[in-house]
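Below you will find one chain, with nothing else, as structure tokens; this is the form predicted alone, and questions on how it binds or moves follow later.
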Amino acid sequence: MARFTHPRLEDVPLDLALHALADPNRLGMVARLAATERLSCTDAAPCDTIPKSTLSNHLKLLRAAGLIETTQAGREMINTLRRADFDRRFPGLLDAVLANRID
């Protein structure tokens, strides 16, 4: 069974959160997760042609920044946005970034 590290949001510095949200691919992934309850890793991918290693790295950075939680459901990895926790730690940040996102 896969084990993922999910930091306590109190331990996540602002610069790490901003770094995770600064990449257009990761921001697109967060936007998709914000629009739905949960997504598999492949459904969260920014495009169909992204290498698995790149997708894995993006998901790892989003987990490290406290933005997502990944759990295993059978053979699938399911990602959920830690919206409430993230908003408590950084009030208004995610709303502001998503509202000003350029597609």
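Model, not experiment: these values are computed from the prediction. Numbers for residues come from their place in the sequence shown, where the first is 1.
Here the subject shifts to the form predicted in complex with the DNA, a form of this protein not shown in this document.
Novice: May I ask you to check whether Glu37 falls inside a 4.5 Å heavy atom distance of the DNA in the model of the complex?
Specialist: Judged by the heavy-atom cut-off of 4.5 Å, Glu37 is well away from the DNA in the model of the complex.
Novice: Evaluate Asp23 for contact with the DNA in the model of the complex, applying a 4.5 angstroms cut-off between non-hydrogen atoms, and reply yes or no.
Specialist: Heavy-atom contact with the DNA at 4.5 Å: present for Asp23.
Novice: Ala31 versus the DNA, in the model of the complex: is there a non-hydrogen atom within 4.5 Å?
Specialist: Ala31 lies outside the contact set for the DNA.
Novice: Can you work out whether Ala64 and the DNA are in contact in the model of the complex, taking contact to mean some heavy atom pair no more than 4.5 Å apart?
Specialist: No, Ala64 sits far enough from the DNA in the model of the complex that none of its heavy atoms falls within 4.5 Å.
Novice: What residues in 39-74 sit within 4.5 Å of the DNA in the model of the complex, counting heavy atoms only?
Specialist: Residues within 4.5 Å: Ser40, Cys41, Thr42, Pro51, Lys52, Ser53, Thr54, Ser56, Asn57, His58, Lys60, Arg63, Gln72, Gly74.
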